[in-house]
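Below you will find one chain, with nothing else, as structure tokens; this is the form predicted on its own, and questions on how it binds or moves follow later.
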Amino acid sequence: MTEELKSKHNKNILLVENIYTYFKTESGVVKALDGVSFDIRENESVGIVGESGCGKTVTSRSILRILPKNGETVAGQIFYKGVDLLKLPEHLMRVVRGKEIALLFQDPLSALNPVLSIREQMVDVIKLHRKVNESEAAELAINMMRQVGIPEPEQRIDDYPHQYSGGMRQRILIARALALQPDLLIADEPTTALDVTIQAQVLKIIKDMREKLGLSLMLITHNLGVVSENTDRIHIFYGGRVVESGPTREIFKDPHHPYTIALLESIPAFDRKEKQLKTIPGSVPQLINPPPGCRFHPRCEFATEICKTRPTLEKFSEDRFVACFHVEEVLKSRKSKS
């Protein structure tokens, strides 16, 4: 391990280093993650942001090694508390899943077994990962249900998933995940199927529980409003790569990568002078046959011939990293327009 990696390990609970995750399909090999690197620090909330198909969910499944049979992380390192998860034997990896790193799925209905009561689904998981008996596990489950705002948990624990609303099912998943006392919670689009009011409630629960329990959070979303209010730092994904990383407030105030700028300009805002929302020309790259070099260059107004070679994620300023050959020109253009 290099001295640089050792230094990073001292600061991070999770360090993803240059991972490549591919899927074999009948049409060819999908390069879903193509050299992705990022980190999450202790007690920090980090957003993984990007359009659908950019590799956000694949990243979480690569970390937990729960890829479909046709998927494989073929290169890279994923360090959790200094241990490379990709080299961990499966029986030890099963301990990490849930107990150390919990995953909150985006669809609570499919994540819960419809023929088992909530008691069965929570108690069995708690007993598997914590040294408690049946009654102790049930008590822990009821207490956690109460903490996430489920009324009358002593009675409702014997209900079935279909007897809960969408928001309440998501609270059940949060309660089940946090009952195992993980150090890192991965929330994959946790508010996708919920209306705006319920979204706000669920996000507040996650935020409150994270602060109370001292968790690190990896929040996966395409919703920029969600990350602006609930994260300390963000990593912007595009085409299976990280194109920009940095503190959330700084990136929202002063984005450096052309894709980040375009993404932020597509958000409706009351104080914006333009009457029509801006759109990004072109389409998301096909990852079976992606464009050479920077994957955003076919859609980028700043692209030149050099963009057909791959840019690396370089440190631009303190805690700001950008993968672009034309950062200075991008910033000059933004300054002249403001």
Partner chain sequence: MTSINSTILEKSLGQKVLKILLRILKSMATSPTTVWFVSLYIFGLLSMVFFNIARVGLNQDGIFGGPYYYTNLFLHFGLNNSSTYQSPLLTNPFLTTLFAPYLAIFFGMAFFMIPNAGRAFNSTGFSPQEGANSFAFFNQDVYGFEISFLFPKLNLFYIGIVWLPIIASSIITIYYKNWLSRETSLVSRSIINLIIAYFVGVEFAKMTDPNFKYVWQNFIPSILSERRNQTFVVYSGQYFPLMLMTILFFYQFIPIIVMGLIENGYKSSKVLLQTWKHRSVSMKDITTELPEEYKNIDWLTKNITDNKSVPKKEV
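It should be emphasised that the depicted structure is a prediction, and the values quoted were computed from it without experimental measurement. Numbering follows the first chain given and starts at 1.
The protein also exists as the form predicted in complex with the partner chain; that form is not presented, and the subsequent description refers to it.
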Answer among 113-121, 234-242, 255-263, 189-197 for heavy atoms within 4.5 Å of the partner chain in the predicted bound form: the stretch 113-121
Taking the partner chain as it sits in the predicted bound form, is residue 147 near enough to touch it, meaning that at least one heavy atom pair lies within 4.5 angstroms?
yes
- Determine whether any heavy atom of residue 91 comes within 4.5 Å of a heavy atom of the partner chain in the predicted bound form, and answer yes or no. yes
query = Is residue 171 close enough to touch the partner chain in the predicted bound form, meaning at least one heavy atom pair within 4.5 Å?
reply = no
Item to check | residue 162 within 4.5 Å of the partner chain in the predicted bound form, heavy atoms | outcome: no
Residue within 4.5 Å of the partner chain in the predicted bound form by heavy atom, from 153, 182, 246, 167, is 182
In sequence order, the residues of 196-227 that place a heavy atom within 4.5 Å of the partner chain in the predicted bound form are 213
